[in-house]
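The form predicted on its own is given below as one chain in structure tokens.
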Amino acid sequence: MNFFLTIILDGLIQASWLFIVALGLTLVFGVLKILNIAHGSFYALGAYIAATVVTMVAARSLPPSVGFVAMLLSVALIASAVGLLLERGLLKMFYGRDEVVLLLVTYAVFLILEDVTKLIWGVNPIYATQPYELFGNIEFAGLYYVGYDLVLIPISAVIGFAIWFGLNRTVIGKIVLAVIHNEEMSVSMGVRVNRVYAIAFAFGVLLAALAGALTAPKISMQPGLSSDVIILSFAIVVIGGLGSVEGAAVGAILVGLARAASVHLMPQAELFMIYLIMAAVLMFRPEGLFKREMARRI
């Protein structure tokens, strides 16, 4: 019994931070129709910035809680600024072009950011483990887990619910949905579509960087971090359905559980299991588990 509970808890912990990354990716695609290859780079950028802030706070002998709050605030501010700058300074020049062009532009950004992180932080692993001890150890059904890992689960649930509530129950969310369903009609109704694009892209970058910051205390930051994450993120949004918040949640849980089960039962098949699930879903639901309903155009 404890064995299966371990797989479930490990899977949910994996799913928690993957969901936040995939949520940003699916939000950008849903609003801007961009398959953002650079999304993994924003995750890595958030992790590196968080590690830098945590190291600076620890050097001043401040409590780990101060480092935790400082890393989240700094990542939020920097990621939002980078997202706005990138969308206004580069991506807006390619709106209306073929989707392949935008795909190549984001791939170019991905390569540039990879070199930027190497230039700033080097190629050696960086650790920032101080916040990892913030919540101590927690006993759950006879199992002992690091509290930080378990706290990630409610944090991701709150973020997911906030995004869903913001999109479906607020005026701003209704405007974003209107742009998603019919951009031309939104423009005729006075909606500033470019402003919606900028905010949506900045928010997607923020979510990726926030996921990187939350996982920074658990991992070692080194080159290649962004490649691993972007593969998993694309698998999640393909399984769940491009542009669907609910799909991102279900896709993240499936991928998280598959990875956890593989690690405990067949470690050599970890990536294979993820692609197996993706292939099985696409075989019966080519548009993903949660296909977004499109408004009929007259």
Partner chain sequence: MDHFRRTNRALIVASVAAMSLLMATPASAQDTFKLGIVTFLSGPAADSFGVPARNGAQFVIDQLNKGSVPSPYEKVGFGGMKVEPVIIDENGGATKQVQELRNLYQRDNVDVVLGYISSGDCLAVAPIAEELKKMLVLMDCGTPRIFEEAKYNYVFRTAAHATMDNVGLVRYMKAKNIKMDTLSAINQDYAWGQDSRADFVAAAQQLYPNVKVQTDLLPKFGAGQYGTEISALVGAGSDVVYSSLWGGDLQAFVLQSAPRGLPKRSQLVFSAADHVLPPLGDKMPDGTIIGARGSYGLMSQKSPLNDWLFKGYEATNGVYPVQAAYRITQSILGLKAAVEKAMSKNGGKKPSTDEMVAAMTGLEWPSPGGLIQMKLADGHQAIQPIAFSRTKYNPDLKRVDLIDIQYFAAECVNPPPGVKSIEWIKGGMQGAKCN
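Positions refer to the first chain, counted from 1. Just so we're clear, the structure is a prediction, and the values are computed from it rather than from any experiment. Only the largest set of C-alpha atoms that superpose within 1.5 Å between the two forms is called the rigid core.
The discussion below concerns the form predicted together with its partner chain, not included here.
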- Message: Within 4.5 Å, heavy atoms only, which of Y145, W164, Y107, Y95 is in contact with its partner chain in the model of the complex?
- Response: Y145
- Pick from A260, I37, V31, V53: which has a non-hydrogen atom within 4.5 Å of its partner chain in the model of the complex? A260
- Message: To test your reading of this chain, name the stretch in 85-93, 164-172, 190-198, 134-142 whose heavy atoms come within 4.5 Å of its partner chain in the model of the complex.
- Response: 134-142
- Item | All of T6, V123 and T215 with a heavy atom within 4.5 Å of its partner chain in the model of the complex | yes
- Message: Check F19 for me: does it contact its partner chain in the model of the complex (non-hydrogen atoms, 4.5 angstroms)?
- Response: no
- Message: Since only the chain is shown here, I'm wondering whether S220 would be in contact with its partner chain in the model of the complex (any heavy atom pair within 4.5 Å).
- Response: yes
- Although its partner chain is absent from this view, report whether E246 comes within 4.5 Å of it in the model of the complex, heavy atoms only. no
- Using a 4.5 Å heavy atom cut-off, state whether S80 contacts its partner chain in the model of the complex. no
- Which residues from 31-67 come close to its partner chain in the model of the complex, meaning a heavy atom within 4.5 Å? Y43
- Query: Against the rigid core, is the Cα displacement of A58 between this form and the one not shown at least 2 Å?
  - Reply: no
- Item | Core superposition between this form and the one not shown, C-alpha change of A269 at least 2 Å | yes
